[in-house]
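Below you'll find only one chain, the form predicted alone, shown as C-alpha cells.
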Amino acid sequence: MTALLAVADHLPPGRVPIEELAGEFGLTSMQVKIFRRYHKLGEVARDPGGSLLDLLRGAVAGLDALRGREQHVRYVLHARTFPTVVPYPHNPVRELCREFGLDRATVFAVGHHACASGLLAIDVAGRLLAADDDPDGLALVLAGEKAFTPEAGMVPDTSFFGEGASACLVAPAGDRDRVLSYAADLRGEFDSDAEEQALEFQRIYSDALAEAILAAVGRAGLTMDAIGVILPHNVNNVAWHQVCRTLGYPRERVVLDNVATAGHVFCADNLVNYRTARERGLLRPGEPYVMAAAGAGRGATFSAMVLQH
C-alpha cells in the first residue's frame, strides 16, 4: 500500500498584501475588499529574487529521510498547475536532481489535473512503484511554481497564487501516512473559456468536490465521521465552508490556516497544510485524513485522497 515516507515544504519569508496586487490585476478597491473580508485572503507568499529551483530546493532540503536513499529514488515527478512553469530552455527539476544525486531517476511532469495534479502525482508514483515490485524503490513528488505570468498570479474572482513548494518521498509500503484510496472526477464539459462555463463551474463546485471526497472516503470503506481532518487546497475560506456544509463536516476540522497568509500555493497546498496539521497535533496515529483539491484549466477535476496517519 502506497505510503508517504516523508513530507516537507518551503514557503519563502516574503509576503505581499493583496492590496498591493490590485494594480497588477486591474482590481477595484471593492473587489479587493471582497477578497479580504469575504474570502478571508490577506497576503500571498512571494520570492521576487528567487527562482523555481530555489523553491523546490528549499522543500527537498527538508526531506531528511532522503539522505542515504538517493540511489533508491526511481522517479521524480513535478506536479504542475500550468503546462509551462519556466521560460525555455530552463529545466529546474533536472538541475535539482543533479544537485541532490538523483541523476538516475526517471523525471517527468504531471499536470493533467491543474491544481489537483499533486494528488494525481502521488497516485501515479504509487502505481509505478507497485509495478516495479521493488520494496526499496522510492519516488520523489514535487510541487510548486512561480507566479511569473498574470495567469499564474490570480484565479479570477477566487484567489491569488502564492509562491512556495512541497516535496514528499513516496514508498510502495509503510507504517504511516498510507494511501487508502483516491478518487478523481474529470469534467470535460468545462474545456472552454466561455463566461457561462465559468459560472457553471462555480455553481457546481462545492457539490462536485464534496462528491469526490465522499467517493474517496467510501472507497476506503469509511464514513466522514471517521475522518480526523481535511487538508485542502487553499482557494479561499468561503469555498471550503460551502463544501463542509454540503458534507455536514465541521469546518473547524479543515486546515485553512495558510489561506490568509500564503495564498493558493498551486499544487503544493495539501502538503503545506500537512506540515501545519502536524505542528498543531491534528494528525493522530492510525486516524484517517483527507487531502482534497479541485483544478480548472482545459476541463475541470475534483479529487480526493484518503490516508491513514
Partner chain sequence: MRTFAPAAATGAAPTADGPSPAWGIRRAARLAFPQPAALAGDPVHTRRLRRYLADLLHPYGREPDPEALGAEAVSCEGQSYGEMAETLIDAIVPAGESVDLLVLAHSIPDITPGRATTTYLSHVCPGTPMAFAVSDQGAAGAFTALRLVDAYARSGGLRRALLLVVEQDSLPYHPGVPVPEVAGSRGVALLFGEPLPGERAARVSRVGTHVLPPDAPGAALAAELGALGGGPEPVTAVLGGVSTVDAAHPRPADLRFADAGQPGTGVWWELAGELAGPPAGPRRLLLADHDAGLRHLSVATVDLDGADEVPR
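Residue numbers count along the first chain shown, from 1. Computed from a predicted structure; not experimentally measured.
The form predicted together with the partner chain exists for this protein as well; it is not shown, and the discussion that follows is about that form.
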The one option of 130, 198, 238, 204 with any heavy atom within 4.5 Å of the partner chain in the predicted complex is 130
Answer option from 11, 300, 18, 291, heavy atom within 4.5 Å of the partner chain in the predicted complex: 300
Within 4.5 Å of the partner chain in the predicted complex, do we find a heavy atom from each of 227, 257 and 275? no
Tell me the stretch among 91-99, 160-168, 136-144, 229-237 that has any heavy atom within 4.5 angstroms of the partner chain in the predicted complex. 91-99
Verify the contact flag for residue 154: yes if a non-hydrogen atom of it lies within 4.5 Å of a non-hydrogen atom of the partner chain in the predicted complex, no if not. no
At 4.5 Å between heavy atoms, is residue 174 in contact with the partner chain in the predicted complex? no
Quick one: is residue 105 in contact with the partner chain in the predicted complex, heavy atoms, 4.5 Å cut-off? yes
Does any part of residue 180 reach within 4.5 Å of the partner chain in the predicted complex? Heavy atoms only, please. yes
Heavy atoms within 4.5 Å of the partner chain in the predicted complex is the criterion; list the residues of 169-202 that meet it. 179, 180, 181, 182, 183, 184, 185, 186, 187, 188, 189, 191, 193
